[in-house]
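Shown here is one chain on its own, the form predicted alone, set out as structure tokens.
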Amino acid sequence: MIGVVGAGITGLSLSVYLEERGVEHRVLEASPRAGGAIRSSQVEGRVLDHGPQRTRATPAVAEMVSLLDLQDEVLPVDRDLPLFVYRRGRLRRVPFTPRELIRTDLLSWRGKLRLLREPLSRGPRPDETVAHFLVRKFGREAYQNLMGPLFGGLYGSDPADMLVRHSLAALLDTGEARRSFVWAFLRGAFNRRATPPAISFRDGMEAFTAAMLERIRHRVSLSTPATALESDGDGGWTLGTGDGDTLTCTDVVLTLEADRAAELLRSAAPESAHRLDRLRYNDLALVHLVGDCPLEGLGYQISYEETFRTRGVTWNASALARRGVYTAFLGGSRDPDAVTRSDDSLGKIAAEEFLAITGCSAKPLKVSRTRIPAWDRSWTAMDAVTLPPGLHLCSNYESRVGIPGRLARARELADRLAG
């Protein structure tokens, strides 16, 4: 018996893969709902996502969509929709091709010429931050107006507090990027038509996790927290549950957030539990705006030169045909105090800044909050996390973030557990 603790997307997808491989298992979830940070709702007839707004149809995602028979529910995003960064009074288009890079007004000619020095620079240094690395490789202008906002937006973090070896190493080790980012870019390595398309689902991203739950519902116990984890003295593990039951397992997989995983590991792996407690998370507020706006694109990020509190806005209205819906993100490590404000205050800030940036009036429809792993300097604590045989961490703080990364990691672990 495999015990899986947590029914977010990692726990659910791991369960689906284990079920496909005929492995006996059970999933324990403390809350009355599954899906974790992936949550969707309808407000005034509009679909809102309170976590990830979309994902990419990588091979792992496409395989899961097919396995769940969700092909007819997929909403594809037009590959050619522009992405913008707001800088000095205008939304400026992010370049994805050499021609666009030459013509972009996000960078001055001096900033563009500075990029040509990148192939002559060395790779990342030990314990170098992402910000220092990007400035050294591409220049401060490219960092502040392009790479910083786009990369930092993935984590809600400040690249000045993120180490390359934790958060950027995988990208640096792919294809022609090992030699030079600029060389790879000029050769079309970052052509959006060569990458998996972005997608969502008609009823929101929660349709994905809801379909997973439906497939393995008989394996999942909701409102059933795991309250204790002890060795059974025979090479296995015993999970105590909130309903007073016990589950004897050969292996236990913790898909929980780091602090909750640490609570369960206090007895079995006290030093690793202490290290997991050190991992920082970023709190984000999502303000869903609604407005009749003539905007076409994926959305925008904000240049680091600007003082707006909004980190960026996803244009679900044009990207996903969600009538009039725009999702603004506030908070994160660069503005941690933002999420302490009331919903009304956050809604007002988001609407006023959206008007200032786009010239379009929109009203707040809903405010929600979430938190995501920061992948900042606190991640050095993960370097010495080791668990006894039979215990496994499988979550977005120990391997690649994002839905594609979670599915790939869950499939890899399912193969090992089934083997």
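What you see is a predicted model, and the numbers here were worked out from it, not measured in a lab. Don't overthink the numbering: it's just position in the shown sequence, from 1.
There is also a form predicted together with a small molecule; it is not shown, and the following applies to it.
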Check, residue by residue, if A131, L279 and D376 all come within 4.5 Å of the small molecule in the predicted complex, counting heavy atoms only. no
Per contact check vs the small molecule in the predicted complex (non-hydrogen atom within 4.5 angstroms), the hit among 380 to 388, 36 to 44, 354 to 362, 66 to 74 is 36 to 44
Let me know the one among V313, V287, M212, L256 whose heavy atoms come within 4.5 Å of the small molecule in the predicted complex, would you? L256
Between R260, K348, R114, R136, only one gets a heavy atom within 4.5 angstroms of the small molecule in the predicted complex; which residue is that? R260
Closest heavy atom of A408 to the small molecule in the predicted complex, within 4.5 Å or not? no
I372 near the small molecule in the predicted complex, any heavy atom under 4.5 Å? yes
Does at least one non-hydrogen atom of G8 fall within 4.5 angstroms of the small molecule in the predicted complex? yes
Indicate whether the small molecule has at least one heavy atom within 4.5 Å of a heavy atom of V401 in the predicted complex. yes
